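Consider the single chain below, provided in structure tokens and representing the form predicted on its own.
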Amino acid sequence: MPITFNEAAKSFKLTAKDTTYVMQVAPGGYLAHTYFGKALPDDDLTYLLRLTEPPFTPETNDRDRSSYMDCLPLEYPCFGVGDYREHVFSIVDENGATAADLRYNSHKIYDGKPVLEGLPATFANDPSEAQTLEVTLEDKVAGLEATLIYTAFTNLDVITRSLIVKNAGTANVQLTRVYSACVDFDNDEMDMITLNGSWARERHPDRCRLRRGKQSVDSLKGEPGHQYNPFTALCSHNADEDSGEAYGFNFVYSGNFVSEAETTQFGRTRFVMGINPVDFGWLLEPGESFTAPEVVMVYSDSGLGKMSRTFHDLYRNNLIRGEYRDKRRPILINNWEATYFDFSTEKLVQIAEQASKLGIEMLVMDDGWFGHRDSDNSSLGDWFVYEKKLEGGLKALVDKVNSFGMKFGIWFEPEMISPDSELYRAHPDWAIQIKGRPLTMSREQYVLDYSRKDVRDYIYGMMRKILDSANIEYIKWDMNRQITEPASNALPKERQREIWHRYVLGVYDLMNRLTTDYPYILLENCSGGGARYDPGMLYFSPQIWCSDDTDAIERLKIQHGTSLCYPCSSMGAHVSDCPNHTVGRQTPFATRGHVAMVGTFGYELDVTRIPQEDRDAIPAQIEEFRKYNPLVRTGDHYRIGNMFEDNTWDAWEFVAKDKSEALLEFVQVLRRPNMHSRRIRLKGLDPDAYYYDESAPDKKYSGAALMHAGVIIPEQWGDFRSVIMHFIRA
């Protein structure tokens, strides 16, 4: 059984494939964390709690309960009762007091995995895939019940955590901090890895040794943001791609978050993750509940690579949903970098007609088709067709594109409103704002108050009219600014601090409606590129625009960091024009294709104006993508090169689950003078099998030789050159 309860020790053991997670009810009724790591046969690890050492337990030394609380490893530590490490739960009760004291009350174990109301979460396709433990803690004084929800996946090294807090008392309680997870490690000799960056250089890995005190990343933007991602790994100092212990944590949430590690005076580390408590509050009236988002926890005993592949398998099979979960995505051409706002029906038809002849399958019309939008300073919220630009209307354009055998997609930014719009002139109170304060503009736009159902209903009504008017099969959902002046005209003063979370719930509500009513539409999430690249979004959109930076060389770093947690099949990646519009770099068309092939693949250029040589290369490039995409989309991903350690080259590999084939992709970033060819060792193959390179089938190599001796990559003439090698089991 994945989850068992030892009645004598009052110990819970969760088994997820090769991972064991143990906690138990400690003296005093506190839920203590005992172990998280490689699978163990034992179900009683009480000795790890050191209860026979000072300060002992409250039963034998209640005069030092505070010391007991400050060293006991806890599953869900509260504020104000003696644990002075980082806490995960705090309140303000009816008397204005802030302490909380949650202790064990009951538990239940059942097959499958529950749905979190109003929130995205991983799921079990079948009850046999997972088992769930619910442990209910109670604070009798405050009248609160907190049900901690743990799910162990049977065939993956994954344990998920979330919780539901219920006001079971008779008085109102204000929640001021409700994190989703806490793990106390009996070790402070670890490194912390986070994914940091900015616009156009998102999710660059940052690794540092834990020091005494607190280290954290967070967001207060209303979304995770470009700067930090809601992913953190803690790993042994010697952990690399293939060896060492690694613990990965990912927050299934698309709003403000915090991820923090604290090392303590006793040589331990407490890791916590959840909704950012800054400016957060939630009023719980009697009988009401609050559900905290899910944290995914992954353990690896074989380095960062195994951790990543576990995340990839989980998200591909147990988070991403819908028609395109297990399908190759349409090869699209987006007109943004081709035309920006300067387009017409005639221009889009020209692009579509040329693209269809080359094998491209979808035209996506980006920003500028609505209201009176000729630049980014107007019309957000006016989701009706700009007839002056699209002569003949939207349906006529879509029908024409469909006549070429192509699908049609469209861009929306539904969470935003422009001051220069019919919507804002009619409903200025629908923008998030503080009465009496001037609104801060960013990109000359404001944020709509998605905590309000009437606002969401109105916007969705406009979107439906567009979607029902023509054969639209793809939506790019963008969000190009963050929240300021956080308040709502529709919330009472005692609930104003709920605006941040209610906004995110509103976004989820609208995305849920959209994907339910239009299940055949492929939804791609975007937020100024990759500012909202999180598992909450993957629940609704199987792919996310990885970055507005489409330069192939910059993408090597961005896609490397993204792959630490997120599957390559979710990475929106396009071949764009050169000089690149972000960095001005010139790279070979073939290299641009090989880098984009890691992700969903498409084009971001004016196919009618690019060099003839590049245009002629597109059909073969598309054929190559179609050939290898099943392996890229479903296989195991191995990072071989690392541009953050050596910026002269990069390489990665995809291996079939049955190890029958492997695709090696190599990029020579900088040509080295007077050097021998480079030798690359493959990974993940069957050492006893023999493989041949498809381009030279007469020569066979053992899997052992390919992994330990390696293959030779000939030096290419010039910078930014790429090579692919396809190995097939003989």
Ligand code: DGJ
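Residue numbers run from 1 along the displayed sequence. Computed from a prediction, not measured in an experiment: that's the story for all the values here.
Below, we turn to the form predicted in complex with the ligand, even though it does not appear here.
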**OP:** Using heavy atoms and a 4.5 Å cut-off, decide whether D366, R443 and C526 all contact the ligand in the model of the complex.
**Re:** yes
Original post:
Though the ligand is not shown, can you say which of W336, F540, F280, Y638 has a heavy atom within 4.5 Å of it in the model of the complex?
Top reply: W336
**OP:** Scan D478, E473, D382, E245 and let me know which has any heavy atom within 4.5 Å of the ligand in the model of the complex.
**Re:** D478
Original post:
Pick from 625-633, 419-427, 542-550, 563-571: which stretch has a heavy atom within 4.5 Å of the ligand in the model of the complex?
Top reply: 542-550
Original post:
Does the ligand get within 4.5 angstroms of any non-hydrogen atom of F589 in the model of the complex?
Top reply: no
Original post:
According to a 4.5 angstroms non-hydrogen atom cut-off, is W411 in contact with the ligand in the model of the complex?
Top reply: yes
